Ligand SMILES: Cc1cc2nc3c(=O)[nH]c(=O)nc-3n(C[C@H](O)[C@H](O)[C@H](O)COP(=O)(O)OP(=O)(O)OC[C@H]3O[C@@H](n4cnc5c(N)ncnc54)[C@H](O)[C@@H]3O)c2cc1C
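A single chain comes next, written as structure tokens; it is the form predicted alone.
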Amino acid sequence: MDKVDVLVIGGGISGLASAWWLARSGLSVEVWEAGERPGGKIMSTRQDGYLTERAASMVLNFRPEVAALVRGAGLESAKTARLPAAEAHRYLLHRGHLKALPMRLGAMVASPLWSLRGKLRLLAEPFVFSGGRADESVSEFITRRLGREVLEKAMEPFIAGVLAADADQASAAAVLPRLVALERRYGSIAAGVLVNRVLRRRTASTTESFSFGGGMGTLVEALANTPGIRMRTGHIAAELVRGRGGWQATAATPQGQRTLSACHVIVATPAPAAAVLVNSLDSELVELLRGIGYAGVTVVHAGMARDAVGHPLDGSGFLAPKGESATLTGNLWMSTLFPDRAPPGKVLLTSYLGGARAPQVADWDDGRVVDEVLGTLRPLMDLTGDPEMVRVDRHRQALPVYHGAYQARMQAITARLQHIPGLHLEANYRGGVSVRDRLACGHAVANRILGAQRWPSVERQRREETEKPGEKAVYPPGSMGAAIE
């Protein structure tokens, strides 16, 4: 029977990030992916000269460990920054027209998007008493702190368009942790932002938005091909058994059944699949996992001639509030965001439909979905022609929606895992759904595993590095050297 230090079940971005940090620290790691390719939902596709993203289209990062991974994976030179034109505006669908959404307080106060009452309510935020419920929804939190207009015209479109969730049901503490933390610590969002700017001006990590040459698939390929990671596709995990001193896992593979022994196991699958795998280990944990809901998202990519689009496309795209669009949640202007997304003289528009707002879209055929998108975009962006390229990507379980008392559920899952040493659950239902969050959470789980016991391979790697003067050291995750670099 083969044996490894860590088995990762699930070869999406969560599993790959965890495996990367562990392999870089000297542990032997094997990744089981049920599909034919690693990366999960993340996949970049070149079609008729257009480069489309099946899921995540970029990384918005402010975390040093994510920057360290990009450097360590040799991807710094492959990074593609957002084009200057994409920084001009962020649009909002408002009363049937696209309106630039101000991002600074002064501009927000002057903007015609808000009524006088809405502006006064926004300016009153520092004087609003703190103290909402622990399980407050996004709608309740934003309305209490910033007013109903900010919720309807800014936050609800963000929650629906970026997270595919329902602001009335989504947990504020889970999806807006930074804003909730500012209120709890300083009594006001505005006061917290001001204090943080004063105290952290010289030490705050730089925020940057980027993709990669060849798309987000470049990141997946780099992680999957990391030395020290044994990537196994077509491995469907069937059984997970806790034994003395470790774990035994069995998978169905194209070559037949395969069993592997590991000291630690990371289950990096969606919650329903994780519940099946741990079914014999902890019934309460199983029920907690089964209670996590998901929303489906349909993505429509449309490639068009530039002169068939009347809008200047001077921004990153637009979000659509619930009151403006029943099914479309947002649209990204990918050819404005990054280079090489469309042939010369062409543009690429990527639309997102469904989510918790309109789950019925998942059952529509491609023709109806495309007609819905074009019917919405034509008057908004003055489209005068039809797309020359159309691609539809569907995700029935696109994102966990973080609805209800989600923080309490996550705390209960963490408590149950304390009784199952060596088992780790690491997927986008824990710690955030963005690529940034997944890379950072992979770093955190690697640190927990590295600190759980003495690893001879890690100690040996440390000795070898100190015995090679003049070479660049590779520090284990969480070490002082890694933090400095």
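Keep in mind it's a predicted model, so treat the numbers as computed, not measured. In this text, residue numbers run from 1 along the sequence as written.
Unshown form predicted in complex with the named molecule; subsequent notes refer to it.
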Looking at Val299, Met155, Leu377, Leu313 here, can you tell me which has any non-hydrogen atom within 4.5 angstroms of the named molecule in the predicted complex? Val299
The one option of Leu151, Ala237, Met304, Ala224 with any heavy atom within 4.5 Å of the named molecule in the predicted complex is Ala237
Which single stretch, out of 440-448, 22-30, 56-64, 412-420, brings residue heavy atoms within 4.5 Å of the named molecule in the predicted complex? 56-64
Verify the contact flag for Thr269: yes if a non-hydrogen atom of it lies within 4.5 Å of a non-hydrogen atom of the named molecule in the predicted complex, no if not. yes
Quick one: does Ser434 come within 4.5 Å of the named molecule in the predicted complex, counting heavy atoms only? yes
Considering non-hydrogen atoms and a 4.5 Å limit, does the named molecule approach Ala68 in the predicted complex? no
4.5 Å heavy atom contact, His395 and the named molecule in the predicted complex: yes
So in the predicted complex, are Ala34, Gly39 and Asn428 all sitting within 4.5 Å of the named molecule, heavy atoms only? yes
If you apply a 4.5 angstroms heavy atom cut-off, which residues in 335-366 are near the named molecule in the predicted complex? Tyr352
